[in-house]
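The chain below stands alone, shown as structure tokens; this is the form predicted on its own.
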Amino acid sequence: MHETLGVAVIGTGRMGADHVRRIHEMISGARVAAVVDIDAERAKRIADGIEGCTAYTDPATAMAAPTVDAVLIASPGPAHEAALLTAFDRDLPVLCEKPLTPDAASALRVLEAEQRLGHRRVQVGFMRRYDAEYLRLKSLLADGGLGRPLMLHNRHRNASTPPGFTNAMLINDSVVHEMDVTRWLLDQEITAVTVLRPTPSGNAPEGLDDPQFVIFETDGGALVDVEINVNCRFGYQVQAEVVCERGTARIGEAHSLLTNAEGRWGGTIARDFVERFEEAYDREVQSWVNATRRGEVEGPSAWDGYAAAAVCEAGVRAQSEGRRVAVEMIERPALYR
């Protein structure tokens, strides 16, 4: 491993390009050694702007480059399994944007491949675990002063959806974040999912049932609800309130700036997830780089990626079948305990 970690970024779309910028401009201890995209011109254009960076169209070729010490996967979900298995073949540490893979079966294959290595190699990009407010809430719950968590209320709102956004994507692309923070905050597994659908908003595009109300049951006896409302028009909001035996705690309503003017007062609402969680992404990638340089792997694991995929599958079934669906998962392997 080089003194400055050489990172290959696979996928240079919106998320990948943002990670390239982040590593190049914000993160210490790492540099962008390679970028990979099936669009050769786009990859070359990005690489040309970074000294010592090489553009590739094939992930395996990039990972074989002597300048590459680690991999950040930001390509579309269906391409993740092949890239992860290639990284395992070279025993390279990986930060993989969610999803680990798009379904539980392929996530399980990745899980089994990593277990054959005998050590962790993957950190999954569930960035909310690195958000300052979520970290404070996690610390508060771990302290135990409020007692056992009984319920968790979540609100996940987005101004609008891109063309082609489907009901299944509400679960797989949006509610998946609440699935992960539920498991992380409560330290409990989700055992069942129910999805309720009110009359769609007039803001929702034709064919999309938006908003929806999702309920999780956990193996610790907690109940969790999620308002998923992705065409609210007014901005991007993520809020959570935990109800415990001796009190409650709420995040997501703070404003960095409040103004008072004639006849009105108020603050601002983030435009999208990139703006809302910018610092969390920075903290996530810096944490990955720091751990990798120490020879360690921290953060959300391949198990967390697999668990999210399994809960997503139950959620999509609950959504389409209109009933409570139990989550089907293997027993947690020793490597991830």
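Not measured: the values here are computed from a predicted model. The numbering used is simple: start at 1 and walk along the sequence shown.
The discussion below concerns the form predicted in complex with another copy of the chain, not included here.
Listed stretches are 117-125, 97-105, 83-91, 260-268; the contact stretch with another copy of the chain in the predicted complex is 260-268, by a heavy atom cutoff of 4.5 Å.
A residue is said to contact a partner when one of its heavy atoms sits within 4.5 Å of a partner heavy atom; E245 meets this definition for another copy of the chain in the predicted complex. Mapping the unseen interface onto this chain, T67 falls outside it, with no heavy atom inside 4.5 Å of another copy of the chain in the predicted complex. When contacts are judged by a 4.5 Å heavy atom cut-off, E278 does not count as touching another copy of the chain in the predicted complex.
In the predicted complex, another copy of the chain lies within 4.5 Å of some heavy atom of E51. Out of the listed residues I251, L186, L208, A192, I251 is the one that sits within 4.5 Å of another copy of the chain in the predicted complex by at least one heavy atom. This chain lacks the partner; the member of T182, Q212, S75, S174 within 4.5 angstroms of another copy of the chain in the predicted complex by a non-hydrogen atom is Q212. Within 4.5 angstroms of another copy of the chain in the predicted complex, the stretch 121-154 places a non-hydrogen atom from each of E133, R136, L137, L140, L146, R148, L150, M151, H153, taken in sequence order.
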